[in-house]
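Before any questions on binding or motion, here is one chain by itself as structure tokens, the form predicted on its own.
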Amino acid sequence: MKNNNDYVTHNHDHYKDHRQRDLANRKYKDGADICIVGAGAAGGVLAYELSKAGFSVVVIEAGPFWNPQTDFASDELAAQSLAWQDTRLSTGKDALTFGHNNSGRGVGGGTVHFTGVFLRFHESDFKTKTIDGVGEDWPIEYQDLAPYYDKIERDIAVSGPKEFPWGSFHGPYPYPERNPISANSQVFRKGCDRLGIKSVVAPLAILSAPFDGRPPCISRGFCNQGCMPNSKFSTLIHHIPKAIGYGAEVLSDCMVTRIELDDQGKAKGVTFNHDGKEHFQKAKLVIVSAFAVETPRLLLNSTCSKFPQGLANSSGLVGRYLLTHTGHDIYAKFDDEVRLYKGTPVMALSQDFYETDRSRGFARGYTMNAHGGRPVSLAKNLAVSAGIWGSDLYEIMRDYNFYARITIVGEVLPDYNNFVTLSEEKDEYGIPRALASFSYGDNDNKMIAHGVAKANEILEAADGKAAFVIPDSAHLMGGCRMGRDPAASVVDEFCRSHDISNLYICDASAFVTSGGGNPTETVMAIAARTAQHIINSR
């Protein structure tokens, strides 16, 4: 967006340093090789790799094309606009809360406001059924993704420790770890050290030195509000501009409502709505990268005579096996100020409890992140999720500066009964709203209890006093799981629909299990692998 003085007013058509305002002038009006639905973590990688390889690519995004310098603000309330604001319905024993911590809206998707924690899955994550007798095995292994993990980390200059103690990759990362770390992270590492728990400075998609014309982070602490200096990676500032440079076209503020098929049952393009008018984008190949809620919603809404139950749904599994991470926040109070708002939110973590240890009474495990946060979100979560009101809420917020926090990112086991489907209520586009049903299982609840207890031990070892726990979840995944058996999965190992050969579903919805750590790097590695498969197949 260099030298771009065209203030974002929900424009739709973007070329390098220029924005068109009329859909009639769009570049690939008469058809493109590839249409990608969604410009988030996966869609951005796909757009970049495929346009670089010479394909004509159109990316259609429901939200706006943000300009960090004019649209982002170092303000919690203003940043709420970065999340998916449309109504989604949720039910189940542990109904999910949608919004800022699990889905974005606009070019860049959730990468615009994620913490930047950048972790690889472990080898065991792809074989939980074989190794631990729970969940399901993926049709791919860690080694299938390893080259793409390497590539993504180099491409965006991930910063991290010289030695990472867990999993198969032990570093070093392309850029050195961030230094100094926040006070909250210092508290965490102090407690871990005293208990003999290993911890490291977190691998981050946040620069520790200049890269690609962007400055290193100066620890402003507004990663979740959109990084105005562009020190934090996002698809918005990295992959999408590079894709546009290779000829890709990005249509923002355009809501895709249906995937259309030809008489042979192959995808021929998508119908989308812009400013109340319906348009059609013709393409030889369609990739849906709209995230774990909107992807199943779009597929289920695209019924036709050949596929009356929705596209790619011959298995009946579109929307099923919805996954999240347990995201419980554990707080302790200290005598000295910690100031949770200062610095990058997550700068230290431990995966000492990531792998299965049956002596704990449950399978699989979790990552512990030293996780800073801001006061408005704390007050909201205390009232809404923890049920703390009145004088108790006032006293906590009065002493906000004295609290430290650890967040659990725990693996939830896949369950057929956790799903996304269409509700009877429709939105302004005439599409049924998404309805999600979610409940934790027995194994999940045992893991949560262990993680909360362990976090309290760490905080108390650092001289804090256990205070309160806020139940939470994050990182939606699943709903279109990959697999080799068309009767038991939605897409194959390259994210290609079993039912429609030129329809790909490539985002976190393809996850078979959730892993026990932040998933963005795996989403992007899968997207890079899918792109390479498409390039090799032409």
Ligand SMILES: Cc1cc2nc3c(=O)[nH]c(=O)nc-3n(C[C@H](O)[C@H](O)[C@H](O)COP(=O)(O)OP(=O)(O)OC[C@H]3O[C@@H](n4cnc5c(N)ncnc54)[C@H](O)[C@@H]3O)c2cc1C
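We number the residues from 1 along the sequence you see. This one's a predicted model, so the numbers in the text were calculated from it and none came from an experiment.
Note that the form predicted in complex with the named molecule isn't included here; everything after this is about it.
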item	value
Heavy atom within 4.5 Å of the named molecule in the predicted complex - residue from Gln281, Thr407, Ser159, Thr115	Thr115
One residue of Leu503, Val37, Ile34, Val512 in contact with the named molecule, assessed in the predicted complex (non-hydrogen atom, 4.5 angstroms)	Val37
Segment assignment from 255-263, 327-335, 459-467, 392-400: heavy atom within 4.5 Å of the named molecule in the predicted complex	255-263
Glu294 within 4.5 Å of the named molecule in the predicted complex, heavy atoms	yes
Partner contact for Ala525 in the predicted complex: the named molecule, 4.5 angstroms, heavy atom	no
Interface membership of Leu50, the named molecule in the predicted complex, 4.5 Å heavy atom rule	no
Any non-hydrogen atom of Thr367 within 4.5 angstroms of the named molecule in the predicted complex	no
The named molecule in the predicted complex - contacting residues of 216-235, heavy atom within 4.5 Å	Asn224
